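Just the one chain here, the form predicted alone, laid out as structure tokens.
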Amino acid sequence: MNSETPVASTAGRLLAAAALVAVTSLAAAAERSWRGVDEMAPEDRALFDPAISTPRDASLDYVPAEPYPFEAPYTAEEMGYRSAEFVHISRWDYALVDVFGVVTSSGYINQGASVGYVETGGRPGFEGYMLDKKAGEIYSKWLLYDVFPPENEGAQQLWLPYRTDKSFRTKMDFFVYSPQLRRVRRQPEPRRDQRFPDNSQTFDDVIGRDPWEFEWQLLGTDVLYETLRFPTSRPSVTLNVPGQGFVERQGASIKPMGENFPHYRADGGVDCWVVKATAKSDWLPGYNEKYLVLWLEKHTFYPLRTEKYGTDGRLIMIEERNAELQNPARGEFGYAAMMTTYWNVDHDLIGYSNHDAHTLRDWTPEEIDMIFTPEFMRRQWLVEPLKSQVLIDAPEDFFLRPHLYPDKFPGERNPVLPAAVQARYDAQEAAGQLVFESPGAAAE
């Protein structure tokens, strides 16, 4: 005789069903690369602190009280702070060649190259920016000298970015020199969330965003196997490697975190935290970007992939990077962007920036006082004539549009494309190289 009551029997069946759902969910998670927070492996759970409110620093009430760079377990906010270490222009003293370009949906390609000099003005790294500089102080100096195309040679830009907060919002002073006019002119500050003319990235994509301007949430973990994708028509690239000269590298051999990164998985993948950063309206009033989704390498918190979504929730842009350990003395903080692509979805513009010939420098006080000033640009003096061979020969040889990953983190991402852009994306995936719109096709 069964003495179990109907209520107890029902409760038992519900518990069994819930257990079956949980087991099924975990089994499904094991078959895919990404996992939500509730599905994370125990070793990842041990590294994550779910707290959303933590003590604040005594002098900076918008910064966590725990000393940077923090210790595990990490809150989502702390992960965001760690990722701010790795902006497009690295936070140390160096010289480089920045080779950049953009290709349109019709196949028009526009490229340029500038030799750049970067001076940090103090302690390197995000810690120096966050703690050593006060709002309203210049925290770095960037001088860019155009070397391509030939008609632009000698044109220069001087960027003087500021440490900002809620009360001081000016991001930089900006000067340009025209060899034709032989004059230096101060320019208005670009709007942070608007893309540069004839390009796909915004001012903030280049200069970086402050982590205290966003609310941070951990979505889960994922594994990335590639970031930038080379087309079948351009299987290799020649890089200027300091100490080695020009070196040809197969595109398929260029890994997301560089050749000697110690934390690759056995299958070659890169373990990542996936976080969501939602813009704070009081810090970023009227900002065009509602939230970002970032894939952060799990050990360094290097941002390998960033998706931007507009105020209406639609996908605006995808940025992907290949990093390289360019400053070994800084250990896990010494990784820098080597190749970056920016895909502006609205206009189907694909941009790239390749930081070639990365050369560490120890600028003397005399060099700093002389080189990083508007007056110096009038001399048209190329201090260190670094060379590069990474310009792209033809539109078909451009980097592919990034992966979309439509099934990852549903409900938190909306990687939907306009129909015409989706058609070109599908054609690209089938061809292994960019496919452009037909002549006379309607513009997006």
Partner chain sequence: MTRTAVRGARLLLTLVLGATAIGPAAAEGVAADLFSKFDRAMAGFDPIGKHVRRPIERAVPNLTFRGFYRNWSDVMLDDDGMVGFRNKDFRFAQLQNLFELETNYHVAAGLDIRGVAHMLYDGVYEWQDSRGLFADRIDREAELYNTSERVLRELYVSWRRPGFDLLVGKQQVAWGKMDGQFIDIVNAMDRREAFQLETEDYEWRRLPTWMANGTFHLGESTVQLLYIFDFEHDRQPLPGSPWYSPLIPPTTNDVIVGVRRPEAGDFDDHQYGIRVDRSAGALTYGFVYMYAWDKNPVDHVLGTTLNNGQTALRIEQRHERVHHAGVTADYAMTFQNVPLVGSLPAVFRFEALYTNGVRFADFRKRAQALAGRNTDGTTKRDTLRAAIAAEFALPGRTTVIFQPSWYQTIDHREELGFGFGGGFGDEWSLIPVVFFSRPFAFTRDRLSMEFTAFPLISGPDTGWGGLKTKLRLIYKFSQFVKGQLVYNGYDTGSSTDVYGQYNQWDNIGWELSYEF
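Just so you know, these numbers come straight off a predicted model, no measurement behind them. Numbering follows the first chain given and starts at 1.
Heads up, the form predicted in complex with its partner chain isn't pictured, but that's what we're talking about next.
Novice: Hey, in the model of the complex, is S105 touching its partner chain, heavy atoms inside 4.5 Å?
Specialist: Close contact exists here: in the model of the complex, S105 approaches its partner chain to within 4.5 Å, heavy atoms only.
Novice: Within a 4.5 Å heavy atom cut-off, is Q380 in contact with its partner chain in the model of the complex?
Specialist: Result yes; Q380 sits at the interface with its partner chain in the model of the complex.
Novice: I'd like to check something about V184: if you look in the model of the complex, is any of its heavy atoms closer than or equal to 4.5 Å to a heavy atom of its partner chain?
Specialist: Because a heavy atom of V184 falls inside 4.5 Å of its partner chain in the model of the complex, the answer is yes.
Novice: Counting only non-hydrogen atoms and a 4.5 angstroms cut-off, does M370 reach its partner chain in the model of the complex?
Specialist: Answer yes; at least one heavy atom of M370 falls within 4.5 Å of its partner chain in the model of the complex.
Novice: Exactly one of K280, H347, K134, R234 has a non-hydrogen atom within 4.5 Å of its partner chain in the model of the complex; which residue is it?
Specialist: Going through each option in turn, the one that passes is H347.
Novice: Though its partner chain is not shown, can you say which of R314, R169, R249, H299 has a heavy atom within 4.5 Å of it in the model of the complex?
Specialist: For this set of options, the contacting one is R169.
Novice: Taking the partner as it appears in the model of the complex, which of 214 to 222, 264 to 272, 146 to 154, 77 to 85 has residues with heavy atoms within 4.5 Å of its partner chain?
Specialist: Contact criterion met by 146 to 154 only.
Novice: Are Q180, R191 and E396 jointly within 4.5 Å of its partner chain in the model of the complex, each by at least one heavy atom?
Specialist: Yes: each residue has a heavy atom within 4.5 Å of the partner.
Novice: What residues of 279 to 293, in sequence order, lie within 4.5 Å of its partner chain in the model of the complex by heavy atom?
Specialist: Just P285.
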